[in-house]
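One chain follows as structure tokens, the form predicted alone.
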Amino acid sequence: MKLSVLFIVVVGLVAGGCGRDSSSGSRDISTPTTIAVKANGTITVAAAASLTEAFTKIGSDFKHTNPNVTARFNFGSSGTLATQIQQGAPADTFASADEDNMKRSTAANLTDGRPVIFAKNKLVIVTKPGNPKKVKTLADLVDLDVVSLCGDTVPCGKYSAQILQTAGVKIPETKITRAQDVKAALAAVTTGDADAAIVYTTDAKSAGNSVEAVMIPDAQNATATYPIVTLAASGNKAASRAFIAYVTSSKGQATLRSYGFLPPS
């Protein structure tokens, strides 16, 4: 089979601030250098659950432009994925919804090179269609019967805890149902098991008319930062880097924007 020649971005890093967000202070910013490499075969991308729709589309587009490379996805909570990677689960690329779980992987020398920030996200309240409980603010969540939040160790759970603390809102634990990831938190509302949930804006958008979104003011909101990296144990680093290059390319970024993600800087 004839190998396709791909022009990909190999990340060289320069120290510098990337702006302040909810999960870290300063960090390195990637400086791209373009070189030609050959890539083929299959890669497994371990990606945060909130990336499901966007990465599924990106994977399809990536295959069209790189016919000799196939990207397969393992979507889940970033914390669960980081643990799986640490325990030796096969994966070539890791895309996290927060920097803390990525740092776990880099600290354990499980990554090849430094992670690249490729997207950001915000949080939003979702209710049943029509917002029957008339939820307008985070404070209104206290009066509901059941509120769906991600688990304490899950990125969306950490972000939710942060914004509730910022707003001075304390929901009784007896009213909270905990979800394993953001998709499960959203599903609790769409299936009628919860009156409301706090999820990413991208998940609210993907749910369409099955939920109603209640915006959270920026002063109370949090910014989720998404890094991606090739893993040291990858058996196909060239293809992994090609996928990352596509994600960070203008086409990949346009797809992420279409699903509601914010630019990386």
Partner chain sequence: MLFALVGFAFIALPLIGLIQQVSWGSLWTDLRTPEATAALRLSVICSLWATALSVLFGVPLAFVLARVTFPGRSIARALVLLPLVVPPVVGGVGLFYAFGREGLVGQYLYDWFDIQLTFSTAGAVMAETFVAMPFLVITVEAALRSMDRRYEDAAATLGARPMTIARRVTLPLIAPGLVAGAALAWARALGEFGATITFAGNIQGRTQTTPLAVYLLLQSKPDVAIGLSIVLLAVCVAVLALLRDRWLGFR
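Positions refer to the first chain, counted from 1. Since the model is a prediction, treat every value here as computed from it, not as a measurement.
FYI, the form predicted together with its partner chain isn't displayed, but the following is about it.
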| query | finding |
| --- | --- |
| Segment that reaches its partner chain in the predicted bound form - one of 117-125, 72-80, 135-143, 89-97, heavy atoms within 4.5 Å | 72-80 |
| Heavy atom of A188 within 4.5 Å of its partner chain in the predicted bound form | yes |
| Heavy atom of T166 within 4.5 Å of its partner chain in the predicted bound form | no |
| Exercise: N109 in contact with its partner chain in the predicted bound form, heavy atom 4.5 Å | no |
| G130: touches its partner chain in the predicted bound form, heavy atom cutoff 4.5 angstroms | no |
| Members of 188-221 lying within 4.5 angstroms of its partner chain, judged by heavy atom, in the predicted bound form | A188, T191, G192, D193, A194, D195 |
